[in-house]
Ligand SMILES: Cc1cc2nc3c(=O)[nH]c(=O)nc-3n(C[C@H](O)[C@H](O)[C@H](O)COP(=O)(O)OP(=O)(O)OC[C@H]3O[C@@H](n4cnc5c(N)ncnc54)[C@H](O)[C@@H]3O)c2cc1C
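A single chain comes next, written as structure tokens; it is the form predicted alone.
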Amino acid sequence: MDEKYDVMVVGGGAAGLSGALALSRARRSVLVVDDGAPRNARAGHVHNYLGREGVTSAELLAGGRAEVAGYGGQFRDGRVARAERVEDGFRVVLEDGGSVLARRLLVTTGLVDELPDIPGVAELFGSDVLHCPYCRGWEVRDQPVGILGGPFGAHQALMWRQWSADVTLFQHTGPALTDEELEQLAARGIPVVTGAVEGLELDRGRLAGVRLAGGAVVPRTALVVVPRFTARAGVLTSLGLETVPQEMNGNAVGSYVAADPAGATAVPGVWAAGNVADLRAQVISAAAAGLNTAAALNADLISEDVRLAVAARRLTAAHQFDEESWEERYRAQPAVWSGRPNAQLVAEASDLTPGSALDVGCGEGGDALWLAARGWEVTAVDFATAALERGAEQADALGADVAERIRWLHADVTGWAPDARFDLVSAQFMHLPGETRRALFARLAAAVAPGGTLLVVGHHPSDLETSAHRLHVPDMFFTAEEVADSLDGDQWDVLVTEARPRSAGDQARPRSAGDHEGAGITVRDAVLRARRRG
């Protein structure tokens, strides 16, 4: 079965681990897949990495893996065979046959050094055969250094002269040197040896000299070559990305995968960092690129998270008033509400003389059952038949004295008007869009008999400023004063207008497990109680 992650990092070098660290610290689920064969494994030590100068490659990577794991990042050994886009991201297939799903890909697979086909070069590459003076120049300072000629032979020789006064340029198969180059080399004391290089001479596994065609050997302890740097881009090409030739001074030096400065490739959701996208990146700059790309990638995920949340919110808001959705919700659970009456109903109606009552949006009937048990003749209205059936079953279980006092009425209150007047009209947490809600409250007020009570309770707008679970649609919230202002002052006595505090963990109508608010948060109920004058 496919595992699913926010981000899969392909490649566990400096760029990949740096990106994985930033993403794990951003609380993303991250998997790093790596084949355990870093390009600089034979180099021994890492240089120019501020604060980690001289650390071994193995130590740097092991420390990075431990740091990533410390923030929850996961690892898997192996090679990636290919990747493909799926509906919500990518499926990455490994060479061992496993596959992983990820919303985003961060590819940090690095590059391959394609070396000159000269015996001994590949064996010594990374130890005595070098290519970067900033990586290893200090380590071979003042030693006899050879430069293998090529398009950049003269340039390399003049550069390495900074680290050693004993530098020899082997022209090999490189282009003829210009007069200006010859003058520069002579001025810096760099001899030029013509003829092709045939191989390297080794002494106990170390470079001893450069052997020319014809057999002559020039003693050297270090040799500089310029490989062709080819991006390891298999996973990227499987997604339709092509490598781009890298040129320098008109000469092809390798290939890379194009990405913008933030690391985004031409395939949405696929990001690249380190040498696969920048052939010149050293370890510290590859790590920096991994960090920068991870930040941009996380921002992309945040944008998607927000977009999905907005879509879900709009869908939830639309379903808030949808009869079919509420039917499905009630039938999916044995109980949606607690069965207890709303606390503000108990607080405001306990001292009222029982008569006729209208419970609007009654749900499973917790309020209706409480009123009927106290002697009220109740009309309980809801548009969910499953809720009405459940309420009727509970009434039957309480006995005829309760069941016979409740009339269960199926109606959509957004367009329904009572055909009678009641001594108590109760609307508990009827959160509807503004105009729909105001029209409903006007119809409910008209249904209160002379001397009767209108009780309206809802979530106060200040709840939107708390971390309590609320559908964040400000237009659906109201204050008691707003409802009071809608009543005709010549016909009504307003007895209570409060923003009554309570603990969010002590809801009037708590939801079932898994959908409840946490305790310790103070919320407020908008409570209006008014009496129609006789």
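Given the structure is predicted, the values throughout are model-derived calculations rather than measurements. Numbering starts at 1 and runs along the sequence shown.
Keep in mind the form predicted in complex with the named molecule is missing from the figure; the text below concerns it.
(request) Please check if Leu31 has a heavy atom lying within 4.5 Å of any heavy atom of the named molecule in the predicted complex. (result) It does not: once the named molecule is placed as it appears in the predicted complex, Leu31 has no heavy atom within 4.5 Å of it.
(message) Does any part of Ser426 reach within 4.5 Å of the named molecule in the predicted complex? Heavy atoms only, please.
(response) The answer is no: Ser426 has no heavy atom within 4.5 Å of the named molecule.
(request) Answer with yes or no whether His155 is in contact with the named molecule in the predicted complex, where contact means some heavy atom within 4.5 Å. (result) Taking the distances in the predicted complex, the answer for His155 is no, it never comes within 4.5 Å of the named molecule.
(request) Report yes if any heavy atom of Gly274 sits within 4.5 Å of a heavy atom of the named molecule in the predicted complex; otherwise report no. (result) Because a heavy atom of Gly274 falls inside 4.5 Å of the named molecule in the predicted complex, the answer is yes.
(message) Within 4.5 Å, heavy atoms only, one stretch in 274-282, 347-355, 217-225, 155-163 touches the named molecule in the predicted complex. Which?
(response) Among the candidates, contact is made by 274-282.
(request) Could you check which residue among Ala66, Ala37, Ala58, Leu495 gets a heavy atom within 4.5 Å of the named molecule in the predicted complex? (result) Partner contact (heavy atom, 4.5 Å) among the options: Ala37.
(message) I need to confirm a contact call. Of Phe125, Phe90, Tyr71, Trp416, which residue comes within 4.5 Å of the named molecule in the predicted complex, counting heavy atoms only?
(response) None of the other options qualify; the answer is Phe125.
(request) Any residue of 7-21 with a heavy atom within 4.5 Å of the named molecule in the predicted complex counts; write them all down in order. (result) Contacts from 7-21: Val10, Gly11, Gly12, Gly13, Ala14, Ala15, Gly16.
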